[in-house]
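Here's a solo chain for you in structure tokens, the form predicted alone.
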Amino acid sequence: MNFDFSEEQTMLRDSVARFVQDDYDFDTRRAIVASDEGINRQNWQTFAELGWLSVPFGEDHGGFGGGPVDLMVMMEEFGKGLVVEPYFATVVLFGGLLRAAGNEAQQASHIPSIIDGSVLGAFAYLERQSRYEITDVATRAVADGDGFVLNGEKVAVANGANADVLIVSARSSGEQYDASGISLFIVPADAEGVERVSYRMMDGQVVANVVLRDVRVGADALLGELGGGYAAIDRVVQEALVALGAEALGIMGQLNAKTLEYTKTREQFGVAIGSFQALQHRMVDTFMSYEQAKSMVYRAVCALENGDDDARRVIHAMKVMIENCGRHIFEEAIQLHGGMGLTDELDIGHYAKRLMMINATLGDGDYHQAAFSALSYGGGHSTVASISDAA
């Protein structure tokens, strides 16, 4: 199988890599994270000017027309730089739902604004009781005249504090845990009845709890079919999981590279600690974890790109492998750096925190292990060996 990137994909990857190297060093990122918004809007406009915001959108809306592989090469480089600007929240989730469920008018209204950088978006789906079950929706949407009234609360909404427009999942029919009966609505973030409380997650990114009190929206705010929103959510979540896997892969590669370099310069007993055979073995182990994770990410992106029948199963396996390998790599990186590995002044701990947040986004390893087992064996087996078989 040919894993070489196309010329366009290589140029896209190199473009992001140059930006991270030249304009997004660790101190610059720390300053951005410490700012009130937690993002740099000038950087966001740079993303727009370089065409990065257009990558997954169709050419009919001024997009690049890229697929999962194009998104993967970008997200991996974003991971290497710990980029906090809301590409995942705005382009992958918010934009992905517009692509998957939006009608022509909705797409024409919002996608060009994403591409030119004038609109930030967010997908409000998570609720206090739902944990990782996206179908557990208590927020209600009640028909009212020619529109709807929304009531409920969404928590930990990525980019929810800075978003101009939200896509909100709400139950228009059925019981709380049903996949059917979930509808999607486009809601201006400043609409009457919308309240946002922002806070920072452990990786420094700003999220928000969004309370909806009698928020009225028109019929044109409905995204897709009434009660049929889950199909679009499910499709976009598969794409988002692969994007997160690519970001995690970039982080793991950086942790390995930085730790290896540190072992070559840190001296103990008059010699570099990298000369100790025990530490060499541990570095080989983390390299093998990285390669295993890389294989699963590549397998998942190929399955998604090709529309393979087992794509869902492979993506579950990838998420489990990302968590297992990522934890192994960041724990070893922190330990080999010693006490300084936990300090805020060193980037190692920041990479580790971002990996932990990726593990908790859209389902942790245990959740995806159970989902993988259910698809593969009807819920019978639950072993890491079975995950490896998916590669």
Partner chain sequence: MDTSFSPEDLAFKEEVGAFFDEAFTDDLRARIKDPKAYKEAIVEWQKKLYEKGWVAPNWPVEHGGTGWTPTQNYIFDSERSARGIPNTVPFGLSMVAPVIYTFGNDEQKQRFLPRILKSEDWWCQGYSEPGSGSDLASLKTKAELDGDHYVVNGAKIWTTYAQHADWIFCLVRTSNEGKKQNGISFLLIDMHSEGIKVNPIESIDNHHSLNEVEFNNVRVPVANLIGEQDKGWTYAKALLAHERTGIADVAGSKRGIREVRQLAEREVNGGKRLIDDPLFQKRLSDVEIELMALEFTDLRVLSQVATGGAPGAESSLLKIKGTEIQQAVQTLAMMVAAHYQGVLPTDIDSDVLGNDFGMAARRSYMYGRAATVYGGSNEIQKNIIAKAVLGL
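It should be emphasised that the depicted structure is a prediction, and the values quoted were computed from it without experimental measurement. Positions refer to the first chain, counted from 1.
As for the form predicted in complex with its partner chain, it is not shown, yet the points below apply to it.
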**Message:** How about residue 292 - does it come within 4.5 Å of its partner chain in the model of the complex, if we only consider non-hydrogen atoms?
**Reply:** no
Is residue 209 a contact residue for its partner chain in the model of the complex, using a 4.5 Å heavy atom cut-off?
-> yes
- At the 4.5 Å heavy atom threshold, is residue 270 in contact with its partner chain in the model of the complex? yes
Please run the contact check for residue 334 against its partner chain in the model of the complex: heavy atoms, 4.5 angstroms, yes or no? yes
None of 257, 284, 143, 202 but one has a heavy atom within 4.5 Å of its partner chain in the model of the complex; the exception is 202
Of 155, 100, 302, 119, the only residue with a heavy atom within 4.5 Å of its partner chain in the model of the complex is 155
- Query: Is it the case that 126, 198 and 279 all touch its partner chain in the model of the complex, with a non-hydrogen atom of each within 4.5 angstroms?
  - Reply: yes
Residues in 309-338 that come within 4.5 Å of its partner chain in the model of the complex by at least one heavy atom, in order, are 323, 327, 330, 331, 334, 335, 338
